[in-house]
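Heads up, the chain below is alone and in the form predicted on its own; it's given as structure tokens.
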């Protein structure tokens, strides 16, 4: 049986300061993150066990030196009581969600990140000259040739050969754009016949497999940095998806991928079609709003994106047929089939369910009312405003308020997730310790906490298994102890 899967997401948000003072994106990002942390917050991020240049194909770039800390780089950073990390990555504020055990929780803590950025931007604006606004967008491109990322991270068994993951995941990733795409006006290739496309990120991908994340972006990323027991786990670092606002899109993006990984692990996935030109096909799929573009396969045949997705869905239905499914997995299967069925009839009817179709309906309504051509700058502005995280200004959020978009989770769950961690992963231990003993925590990472209890030496608590440190595992202990010294004595018993 496949091991339990854990997932976390990383979102780089677009940022802009509007007002009397010119503020560059790095400084603006630092203001946003800094506004959300307290002046006395000294918890740093522990980079000790991070090795971003280790390659899953067996290569190892020299990265033995200790990486510079966020303080040394002058970048703001904080670790949140919900188990997430909130920091400056290059020129963007980034929210890295806590580890989640299922797709529904991934939606909740991903959506909590939007609320955190909305709040942090409002706090940052107060520190700027009167009339300044800090605008945050959950999107993936500035429309001027630059892209920024949304990454998914899944823990898979080390024993699965990486070439097999490449072979069996590539067609899935290339074609899942029909529900993952966030929609975009225009393209990177100056193509007149592509005024709107499914994905914001697809045009920026250049190779099939590789280690890079900002240049020569690959469909399959090879970073081998599990943030867990490296003998047991490999982290599948997925960089090819868009940042979604529609909850169903996020739910399917994560839930279908977890199911496909389970099938690969259990040898239950029939060989998918082998695409002859996967990178070019990634672009083709994004540029085709019918979801029926012909993709050439190695056997000389052709296949449509919909047909490829049906291949994976039918395999998943067979795989799950005689299993006692949890409600979340059952819902993933049901919604996956519903989306493909609707796309077979008319992909544009996915408006209100997935982002690209929701945005397209909004844009076409605006075009019709104002008689605009696709190249009009006003449409690019509408595109951007769709992603504004402010609930009273963002066009997506205004559609939500009008009941035009499907929601999967209650706002009360999202609000709780702003400060509280998932209870069934190690994020519970990290977040609860930060809430209870923050002044005694020197550094935090995904796989450890470092405490200063006043004794001679700092003490590191490793968290190498994402399924331990849950509320069921340590909840009573954390409720009972009153000092970090008591906690560490109990843990080392």
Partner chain sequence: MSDGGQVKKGGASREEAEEQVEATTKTTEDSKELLDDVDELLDEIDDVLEENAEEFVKNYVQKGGQ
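Numbering follows the first chain given and starts at 1. Here the structure is a predicted model, which means the values were calculated and not measured.
Here the subject shifts to the form predicted in complex with its partner chain, a form of this protein not shown in this document.
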{"property": "Options 154 to 162, 340 to 348, 244 to 252, 89 to 97; stretch whose heavy atom lies within 4.5 Å of its partner chain in the predicted complex", "result": "89 to 97"}
{"property": "Contact residue in the predicted complex, chosen from 289, 264, 384, 275 - any heavy atom within 4.5 Å of its partner chain", "result": "384"}
{"property": "Position in contact with its partner chain when the complex is considered in the predicted complex, options 296, 167, 232, 390, heavy atoms within 4.5 Å", "result": "390"}
{"property": "Non-hydrogen atom contact residue 475 with its partner chain in the predicted complex at 4.5 angstroms", "result": "no"}
{"property": "Partner contact for residue 321 in the predicted complex: its partner chain, 4.5 angstroms, heavy atom", "result": "no"}
{"property": "Contact label in the predicted complex: residue 366 to its partner chain, heavy atom within 4.5 Å", "result": "yes"}
{"property": "Heavy atom of residue 312 within 4.5 Å of its partner chain in the predicted complex", "result": "no"}
{"property": "Site check 14, 25 and 378: each within 4.5 Å of its partner chain in the predicted complex by heavy atom", "result": "yes"}
{"property": "Contacts with its partner chain in the predicted complex - residues in 471 to 493 whose heavy atoms fall within 4.5 Å", "result": "none"}
